[in-house]
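The same protein chain appears twice below, in two forms, each given on its own as C-alpha cells and labelled structure 1 and structure 2.
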Structure 1
Amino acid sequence: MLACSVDSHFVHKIWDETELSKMVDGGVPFPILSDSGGQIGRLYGVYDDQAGVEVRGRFIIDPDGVIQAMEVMTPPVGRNFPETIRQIKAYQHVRATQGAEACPAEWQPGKETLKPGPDLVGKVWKVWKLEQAG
C-alpha cells in the first residue's frame, strides 16, 4: 500500500507527526510518496492542473499492474478505510481462487462467496439473503 500527494516528504512527515499519528497508533503504516510535479496524478487522472493539487484518488492495483477498483473524491468527503481493506481482501480472495469464486456486495472474509456460472444466474439474491440473515 502506498499513498501519494503533491506535498513534499517534509510536509508528509509533519502531517504524520501532528495529525495521522493521533488518529492511527504509530502513524501511517505505509509509505507516502511525493508527486511534486503531479506526474503520477496526471497518469491516474487526479491532478488538477489549475489548482496544482491532486484530488483524492484510491486505486486498487493487482500484482499484474491492472487497476481492479478506483474511487475519486473531492476533499469535502472523507474516505472509508475499512471498506478499502474489505475490497482488497475480496480481490485477494478472488485472485487466490483464480476466479472460481466471486465476492457479493458487503462480503466479508469467511463469509459465503458466489460460484460464477450459468447455475448462478437469477439466484445471486438467495446467497445474499442467506448472508444477511446469518
Structure 2
Amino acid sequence: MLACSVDSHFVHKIWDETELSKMVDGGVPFPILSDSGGQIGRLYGVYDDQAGVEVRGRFIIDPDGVIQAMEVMTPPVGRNFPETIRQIKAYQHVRATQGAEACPAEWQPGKETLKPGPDLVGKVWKVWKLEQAG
C-alpha cells in the first residue's frame, strides 16, 4: 500500500503524528509519498492542474507491474476499502488460475467463479443467478 499527495514528506510526518495516529494506533503502517509538483499525478491522470492537488485515484497493480483496476473520484467522497479488497482478491484468484476462471458480478471470496470457454457461451444463466447479487 502506497499513499501519495502533493504535500511534502515533512507535512506527512506531522499529519501522521498529530492526527492519523489518533485514528490508527502507532500511525499509518504504509509509506506516504510526496509528489510536490504533481509529476506522478500527471503520469496517472489524477493531477488537477487548476486545484494544484491530486484527486482521489486508486490503482491496483499486480506483481508484474500491470495496472489491473483503477478508480478515480473527486475529493468530497471517500473510498470504500472493502470493495478494493474484494477486487484485489478477485484479481488474485484470476491470476492463481492463470485466467482459467473469472469472477462474475457481485463475486465475493469463496463464491462461485465462471470458467469461460465454448461450453459456457449462452449458459451463464445456468451458473449465475440474480439471487447471488446483493
Partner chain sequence: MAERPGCARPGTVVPAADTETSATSTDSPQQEVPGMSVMVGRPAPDFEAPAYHKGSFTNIKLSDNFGKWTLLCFYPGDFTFV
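All figures in this text were calculated on a predicted structure; none of them were measured in a lab. Numbering runs along the sequence of structure 1, starting at 1. C-alpha atoms forming the largest set that superposes within 1.5 Å between two forms make up the rigid core.
- Only structure 1 matches the form predicted on its own.
- Once both forms are overlaid on the rigid core, the distance between the two CA positions of Lys111 between structure 1 and structure 2 is under 2 angstroms.
- Aligning the rigid core between structure 1 and structure 2 leaves the CA of Lys13 offset by 3.5 Å.
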